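This document starts with one chain, in the form predicted on its own, laid out as structure tokens.
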Amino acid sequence: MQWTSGIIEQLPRDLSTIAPEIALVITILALILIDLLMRGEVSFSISFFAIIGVFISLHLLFNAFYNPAPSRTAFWGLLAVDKFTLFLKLIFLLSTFLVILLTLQSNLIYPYRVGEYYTLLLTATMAMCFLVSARNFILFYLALETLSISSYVLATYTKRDVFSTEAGLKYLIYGAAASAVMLFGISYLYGLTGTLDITAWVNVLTPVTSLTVLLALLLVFVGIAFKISAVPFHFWAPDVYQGAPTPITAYLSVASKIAGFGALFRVSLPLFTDLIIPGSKKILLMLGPYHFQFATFFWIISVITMTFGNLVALRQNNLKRLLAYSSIAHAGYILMGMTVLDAAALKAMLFYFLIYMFMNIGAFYCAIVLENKTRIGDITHYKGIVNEYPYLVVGFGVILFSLTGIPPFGGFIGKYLLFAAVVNKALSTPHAMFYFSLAIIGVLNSVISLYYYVRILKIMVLESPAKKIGVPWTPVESLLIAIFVIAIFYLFVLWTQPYVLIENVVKSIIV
């Protein structure tokens, strides 16, 4: 009876910690019902209900975020309840809201049943929220698979398009293989630790078991690296990004990628020298020689990913494919923070997630507008388009220069914080050249990326158009581009405001 009364007392408190996810579940069920009642009719009202559900979830999330309650766990240690996970959930919900706006502007989705589309989109968002807060490998894996299955279907949603069908099939095959490898690694960790706690591996990291633990973690990383499209697990990304409906491409390149990094954080947080998992025992976080081994591993992956992404992007003519390789390169930049493995790097990565959301979704919105106007995805057909759509070209230029990381755009602050974290680490460690070399390679890669971003603008501005397009510009298009441009300038001029918030987020998991 005492055990039962304890459950009854604890359950309402635990349910309140997942109120945003519950709101999403209710919205998903409502969308299924509305879609059945409308019998598949095309209606913007379904989009309206999806937006309302996201806003309710955001409202509940803000209430939890500004709640002064300390970091803890819920559901008997299965979920972490802290500002770190709440911040990532905030990015997921904002990304979903922006992608819904992109969907309303796209001509690719509405010939199909939109009820199913929004149901899958919100299901993927809900799975991301559980993924980044999971402290148990079973919940971790279930959330990751729910996200993956929803993403496979969304990638192939325009089923009459052969490229979309090909994208979904490739995504499924690569995803299934990566998932199987990760599950194999999880089984090894369970065998070594006797528990499904995500961070328990650090307790058995000894000279005797280190090789086995490192192998198991490497297998788990394969599944996560697939989500963040890190080289050499990136092969799916260019084809899927090109073939999927453009709003879904934006969603995969931002929300799904950040969810992958959130999963990586959950597994790797014991590596950060001054951080712990909330609710766990204070474990020895200075891992001695193992700490530098992990840093070396992330150094290699970061350098290969950013360099490969930028070099291959130089030869791309399809805009979505070019942005796919650009997204791969940005995964490499973010992995620089995983090489540093300290609180400053974590702050830099969280800020980068915020500005990356606006930059990349904004870039894909410009791609949607270009698709609607020209029906062509090849950038060589955008010659002289500035004469008809100057507002589009100016907005796209701001977004591209921000992706490059030059002032006065928000992307500069994101890269500055990452490079500063690497340089500061170099100044405080015997392995100075190890970190200095990473910073230099990162700067050189940013210079390389400037070429293919400027090439897009050169074609749009300096080359003579073959013929007039003639499709009118709309006020809604101006408004949406203005949202992304204002956000980018805001995160350059007033970047300290969100950074203070991020500092408080990281403080919630500092020893």
Partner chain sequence: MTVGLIHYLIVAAILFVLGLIAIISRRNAVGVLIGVELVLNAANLNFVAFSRYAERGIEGQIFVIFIILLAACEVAVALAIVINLFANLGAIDVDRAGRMKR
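Residue numbers count along the first chain shown, from 1. Nothing here was measured: the structure is a model prediction, and the numbers come from that model.
Although it is not shown, the form predicted together with the partner chain is what the next lines describe.
Shown alone here, Ala167 lies within 4.5 Å of the partner chain in the predicted bound form, counting heavy atoms only. The partner chain is not drawn, but in the predicted bound form it has a heavy atom within 4.5 Å of Ile138. Put simply, Arg321 is close to the partner chain in the predicted bound form: some heavy atom of it is within 4.5 Å. Under a 4.5 angstroms non-hydrogen atom cutoff, the partner chain in the predicted bound form has Glu145 among its neighbouring residues.
The stretch from 306 to 314, 236 to 244, 337 to 345, 368 to 376 that comes within 4.5 Å of the partner chain in the predicted bound form, counting heavy atoms only, is 236 to 244. Only one of the listed residues (Ala426, Ala439, Val181, Leu214) places a non-hydrogen atom within 4.5 angstroms of the partner chain in the predicted bound form, and that residue is Val181. Only one of Gln293, Thr380, Asn107, Ser187 lies close to the partner chain in the predicted bound form, with a heavy atom inside 4.5 Å, and it is Ser187. Annotation for 130 to 162: interface residues with the partner chain in the predicted bound form are Asn136, Phe137, Ile138, Tyr141, Leu142, Glu145, Ile149, Tyr152, Val153, Thr156, Lys159, Arg160, Asp161, Val162 [heavy atom within 4.5 Å].
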